[in-house]
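Take a look at this single chain in structure tokens; it is the form predicted alone.
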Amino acid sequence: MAHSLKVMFLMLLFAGIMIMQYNLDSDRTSTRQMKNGLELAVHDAALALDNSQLSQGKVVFDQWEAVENFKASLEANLALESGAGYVYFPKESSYYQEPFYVEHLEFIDDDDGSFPQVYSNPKYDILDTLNGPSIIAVVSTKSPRYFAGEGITIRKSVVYEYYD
């Protein structure tokens, strides 16, 4: 009887560790994919420049086109569908299960002053030295979990900058 109880205890312990391991792996995968998708999205947004300003030597973002590039890249790379405003819902084929929220999207270019400049956003705990025109984005979602348990909220921020 004692031997059976030990085996059952070890099986329960093993199952608990495996569940925890799968959930942690899911969190890690979500974080990595989200960071990569966000970096691609701000890169694609940074390609939208005002050509008339560029011919004068200034890097100024065409913000309407940049936002469209950002949205299209985010949708394509993370398998999301655009919802209202800056809310995105995962497609059926997506790894994610919860909506994505673009919490912050900011453009700082040659119209906004000189570089380098110190950028500070205490709300998202961002402190960075911008060496050139930049795009700052913050996205959040809830991590998918294979097993029961509340997924963690993942918030990633990216600062993409042109460097002179």
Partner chain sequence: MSTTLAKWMTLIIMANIMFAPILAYIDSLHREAVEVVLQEGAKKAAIEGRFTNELVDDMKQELVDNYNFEEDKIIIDATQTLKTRNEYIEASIEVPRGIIFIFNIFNSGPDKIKKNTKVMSEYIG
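Predicted model, so just to flag it, every value in this text is computed and none were measured. Residue numbers count along the first chain shown, from 1.
The discussion below concerns the form predicted together with the partner chain, not included here.
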Interface segment, criterion being heavy atoms within 4.5 Å of the partner chain in the model of the complex, picked from 26 to 34, 101 to 109, 131 to 139, 118 to 126: 26 to 34
Val67, heavy atom within 4.5 angstroms of the partner chain in the model of the complex: no
Partner proximity in the model of the complex: Met18 to the partner chain, non-hydrogen atom cutoff 4.5 Å: yes
is_contact(His43, the partner chain) in the model of the complex, heavy atom dist at most 4.5 Å: yes
Non-hydrogen atom contact Leu49 with the partner chain in the model of the complex at 4.5 angstroms: yes
